[in-house]
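Coming up is one lone chain in structure tokens, specifically the form predicted alone.
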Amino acid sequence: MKKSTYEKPIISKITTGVPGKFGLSTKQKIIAEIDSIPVAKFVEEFGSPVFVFSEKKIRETYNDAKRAFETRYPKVQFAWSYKTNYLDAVCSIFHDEGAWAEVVSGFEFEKALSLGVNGANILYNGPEKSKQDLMLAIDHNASIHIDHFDELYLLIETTRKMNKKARVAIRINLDAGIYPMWDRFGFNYENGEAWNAINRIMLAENLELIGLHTHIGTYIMTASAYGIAASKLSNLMIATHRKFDYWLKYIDLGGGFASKNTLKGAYMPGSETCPSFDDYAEAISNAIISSEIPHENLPVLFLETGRALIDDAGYLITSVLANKRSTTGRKTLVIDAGVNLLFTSFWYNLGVFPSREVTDFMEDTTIYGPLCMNIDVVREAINFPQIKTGDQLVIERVGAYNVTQWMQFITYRPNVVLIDLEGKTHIIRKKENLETIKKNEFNPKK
């Protein structure tokens, strides 16, 4: 009798409705509609995949943030972070709500101007500003946030040649008690660089120092770090007044507020652990109000938060292309949206949900995109129900960075749709086609 060949057993974890030691399993969340519009209708009208933004959610989140700060501090001004999402329709909503523009390149500066933003309401950040960029900013009376000494010297030279004054602030990096400390951008607080820069600016006849700016990092989960940063900027403001008998007009705490997304490796979901706008506002306002700055000379508080204002308003609707099993028996899905559209999938465990009622049986699953690349993994591990080919899934909280950092790679970038306050849908960026891709190409052989 021939001996049977040994086969390694396959063990797959399947979650059902049977109680475990922690009780009954959580029912699968379903996203069947966005702002009362069925998911299937978006696919029928705009194809799959498709990005969807909710104007209602954008305005609600913005006003929640505004309420948190304005009830705690008397002078608050938000500036929309263009790099987070610079679609015209999205930027226009924030400007309509009263936000200024915060830009980090000549391209973004020109985009803000094209949307009707007054140059005096533009904060110009970033380490790369050409002479032409600086001239543009000076001509439009923007607030130029100086990043390094070479930029400072170029700005002094440029203002002399133009015989014009420039309104400036300095970007400051500092130890806010978090790791890693961002020290790539700006002048350091602790080693005296920032104070040196202030003194040089005050000596320059064509530069008007109006503010101090810091951006301590990204996705900051500790609100108290902003309190430390605000205290240090307040101290610099006091020191400037003592030496020059001059009050600066604003303190800019930048952005970096966490959205409700969940970072990879996090034990608890972001929706449970991320600070609220109230938490950030409490820490920042306490620091400035409690400083030595007299209340009659309190600076305007600028905030450049992007991610926390837009992430929740963005969705990506995608369709299932295939159900597969890996050689280990692991369940895998292939969907029609990959990491070329979802840059944030590299650091978030994005929320992926069915658009219809499904079975309660859940299984550990890997979700792949459609790209012919091994790195195209949208979710490496997610407890997910049985889904059929052709079913639509909804990926939530994708409003930040995905439509600015996306790539035209292997597939065309899809339609982007906005749902307005009346529930009407509008294409705000058309799907690419061969013509749009080739229009900037030149073939010397033809």
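Residue numbers here begin at 1 and follow the sequence given. Keep in mind that this is a model prediction, so the values were computed, not measured.
Although it is not shown, the form predicted in complex with a small molecule is what the next lines describe.
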Name the stretch: of 352 to 360, 337 to 345, 109 to 117, 212 to 220, exactly one has residues whose heavy atoms fall within 4.5 Å of the small molecule in the predicted complex.
212 to 220
Might residue 401 be said to contact the small molecule in the predicted complex, defining contact as any heavy atom within 4.5 Å?
yes
Does any heavy atom of residue 129 come within 4.5 Å of a heavy atom of the small molecule in the predicted complex?
no
Are any of the heavy atoms in residue 257 no more than 4.5 Å from a heavy atom of the small molecule in the predicted complex?
yes
Can you tell me whether residue 143 touches the small molecule? I mean in the predicted complex, with a 4.5 angstroms heavy atom cut-off.
no
Which pick from 318, 261, 305, 173 sits with a heavy atom within 4.5 Å of the small molecule in the predicted complex?
305
Of 232, 72, 83, 95, which residue is found within 4.5 angstroms of the small molecule in the predicted complex when only non-hydrogen atoms are counted?
83
